Structures are given as structure tokens and as C-alpha cells.
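Shown below, as C-alpha cells, is a lone chain in the form predicted on its own; questions about how it binds or moves come after it.
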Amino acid sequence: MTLQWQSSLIIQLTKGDTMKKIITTISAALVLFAVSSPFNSIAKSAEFFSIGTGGPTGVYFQVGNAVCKMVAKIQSAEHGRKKGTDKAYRCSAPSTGGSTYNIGQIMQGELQFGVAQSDWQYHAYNGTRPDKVKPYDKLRAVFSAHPEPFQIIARKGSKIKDWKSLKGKKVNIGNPGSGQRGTFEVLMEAHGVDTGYFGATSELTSSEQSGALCDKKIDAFGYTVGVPNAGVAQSTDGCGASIINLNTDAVKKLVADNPFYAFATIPKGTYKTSKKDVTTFGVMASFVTSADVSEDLVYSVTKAVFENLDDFRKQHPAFANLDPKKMIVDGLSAPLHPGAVKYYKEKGLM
């Protein structure tokens, strides 16, 4: 970028000795800036990494940014120098397409970490659903976070009370690459139907679907997300939508046949329209990486989270009950990364 700027100046300032002197002065200043800039010195000493999350209103986005906060707290450049090292870590957690997208980007080396549903972690590592997520035997687990019930939220006045009453309705099945889309497709398959079962389907993202429901553009949407969630509250508390029960025979078989699924209860009172407990099924949100990511980086990120777990829990209500002993076991079907194992053993958790 510096060279391009310098070249444009040279093109514009080509007449007269005075201009030559100006160019020489500017060039020298740019070189001095490149050598002495505080940003440049920080960039040399820091390693940057990215975490794939989900929609900006979802809990995955909160997980990724909570991890970055903990890393910033414990792995600043000043901390690194105090410990006698020359490396610090800088973290970003952009909004992404969700679970299967994050795994795909980790596989390509575009992301170093990602948040993913435990079922898609399982399928990616074991190669059991190549039509939904590409097989990736280098996928590695770091820890699990919150439980994530799959929820179908129905618009007030839609007359949707259960799975059967979704027939002929306008339903958002989620954007391609998201965990909710994958789970909705699994649910359709389990019930022996396809998108033709519904009157119409849409592929809205998690940040778009609540607004569409309240505007009566759709009748229902599926969402795999921790409880409580701002996006769900926008629909329930904002325009009277409700969460339906999902305890059909097909769902019972899904839970019985797959170790990464479990029944879940959304307690009454969670949202304004939650008059009774809702029974559904769900997965765990898992934090994953690749075997190609360095042991030092994974160790540092794991340490940052677990040594600031009280602070981490405060970042979102869904994190309130995180238990370190469960976080290193629940929902983890890919092998733990050696960097995470190193930290867990040091702390006596393994």
C-alpha cells in the first residue's frame, strides 16, 4: 500500500527540481514511517487469527467475540513481553454463515477456529454426511459451550401448533451453510418429506428471519440456538410468536440413533409467550479448529477462556452454567487438539 501511494505521488509530481525534492522528502518520510510505526512493530510481534461465528443476532457470534475478549485480556502484547516472549495474539470473530460454513473455511485454512453444532462436528470428522458437510479428518475439538435446542418459531395467527401443521405454510429453512439449515433438512428427512411439504420455503439468515416473521412474510422458521436469544425474543416478545413442541416419533428416533442429539426443554417464562415448557431436541455448540493450527495458539486460546471462565459466563445468559469438566467432554466427537489437551492436563481436568 505504501509503494502504491508513493508511485502515485511520483506520477503526479514530475515537473521541476522543487518537485523532485518534495518527492525525495516524502519517500524518506514513508520509509521512516514503515520502520518506526507503532502499528508495524505490533504487527511484527503479534499473530492474527480468526474465529468463524454465525449471524450477528445469534449466540455463535457471542461465543466468538467472548473468546476474543478473553484472548485480549490475557494475551496482549504487554502480557507477552512481561512473560519474556515476543509473541502475542490478536483475534477477530466476524459474522459468518454458521456451522458447516465455518468447518469448510477451517479446512481451507481461511479460519483458524469456528463455532459449530456438535452434529456437524461429528459428520465432518467421520465423513458421514458428505452431502451436507465435507469430510475433514483433521477437524479437532477445543471445548463445547452451551446447549442448543432446535426451535421452530411460529407466527401468531398462523395456526401452527406442531410439526404436522407446518404443511402448506411459508417456512424459512435457513441459509445454506448454516447449522439450522442442516438440522432442518435432517428433520425433513426424518419425517419423510422435502421442501414440497411446505407451501413455500425461504433461505433467510438468522438476522433476517424474525423481521420477516413479524412482517408476515413467513409463517415459521427453524433455529438452532442457545436460550435465551435476542432473535427469538424479537419474534416472541415483539410480535407474539410461539415455539412449538417437537416430540414426534421421528424426533424420538433421531435422538435414540444419534449420540450428538438430546432432548431439551425450553422452560416456561423464557419468553413472553412461553406459557408452558416446550419439548424439543438439540445439540451442543462446539468450538473447533484444525490439526494444522499450532499447539501454541490453541493452548493460548484455551487458557484465555478457562482462566477467565467467570468473565466468559457473564458475556451471555446462555453461558451462565458452563462447567469446565463438561466443556471438555460434552458434544466433542472429534479428537481434542493437542494444545487443548496440554492445558487440560496442566490444570488437572484430564
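Position 1 is the first residue in the sequence shown; the rest follow in order. Note that this is a predicted model, so its numbers are computed, not measured.
Separately, the form predicted together with a small molecule exists; it is not shown, and the next lines address it.
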Closest heavy atom of Q117 to the small molecule in the predicted complex, within 4.5 Å or not?
yes
Does the small molecule come within 4.5 Å of any heavy atom of I173 in the predicted complex?
no
Proximity of Q180 to the small molecule in the predicted complex, heavy atoms at 4.5 Å:
yes
Is G104 close to the small molecule in the predicted complex, meaning a heavy atom pair under 4.5 Å apart or at it?
no
Pick from F143, Y122, Y223, F113: which has a non-hydrogen atom within 4.5 Å of the small molecule in the predicted complex?
Y223
Just one stretch in 286-294, 321-329, 49-57, 299-307 has heavy atoms within 4.5 Å of the small molecule in the predicted complex, so which one is it?
49-57
